[in-house]
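Only one chain is included here, represented as structure tokens and corresponding to the form predicted on its own.
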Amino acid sequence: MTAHLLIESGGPQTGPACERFLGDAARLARDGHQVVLFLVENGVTAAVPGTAPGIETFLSDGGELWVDTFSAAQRALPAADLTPRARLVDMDDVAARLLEPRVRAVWH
């Protein structure tokens, strides 16, 4: 199986496209692929419980949720306000993942 780094920068407020992207991430994870969903910019709001139902599906299907520390801080979102399985990360973590062999990245 392949490894994927899916990057969401728009968040739920951009409309149904975000939820469709989360659905794609969940399907990849459910099919056995290693999937990291990285929320950045306004995308970090999807990690607030109740704002993007697709996040919980993605996590229950085996996906890993990363939230950009800087973007969350700029939007006054402390870790306590995010879904418990979200991992706050820095760009160094994202860069390291991008440089791994066989990682496919998609920015939405």
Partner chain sequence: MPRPVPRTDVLLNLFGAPHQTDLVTSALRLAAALLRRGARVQIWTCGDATRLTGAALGDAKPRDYTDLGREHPSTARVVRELIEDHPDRLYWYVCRFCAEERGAAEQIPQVRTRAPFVFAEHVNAADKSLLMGVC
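Fair warning: this is a prediction, and the values are worked out from it, not measured in the lab. Residue numbers count along the first chain shown, from 1.
Missing here is the form predicted together with the partner chain; even so, the following discussion is about that form.
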Distance check, L65 to the partner chain in the predicted bound form, heavy atom within 4.5 Å: no
is_contact(E41, the partner chain) in the predicted bound form, heavy atom dist at most 4.5 Å: yes
Q74: touches the partner chain in the predicted bound form, heavy atom cutoff 4.5 angstroms: yes
L88, heavy atom within 4.5 angstroms of the partner chain in the predicted bound form: no
Residues of stretch 1-36 in contact with the partner chain in the predicted bound form (4.5 Å, non-hydrogen atom): I7
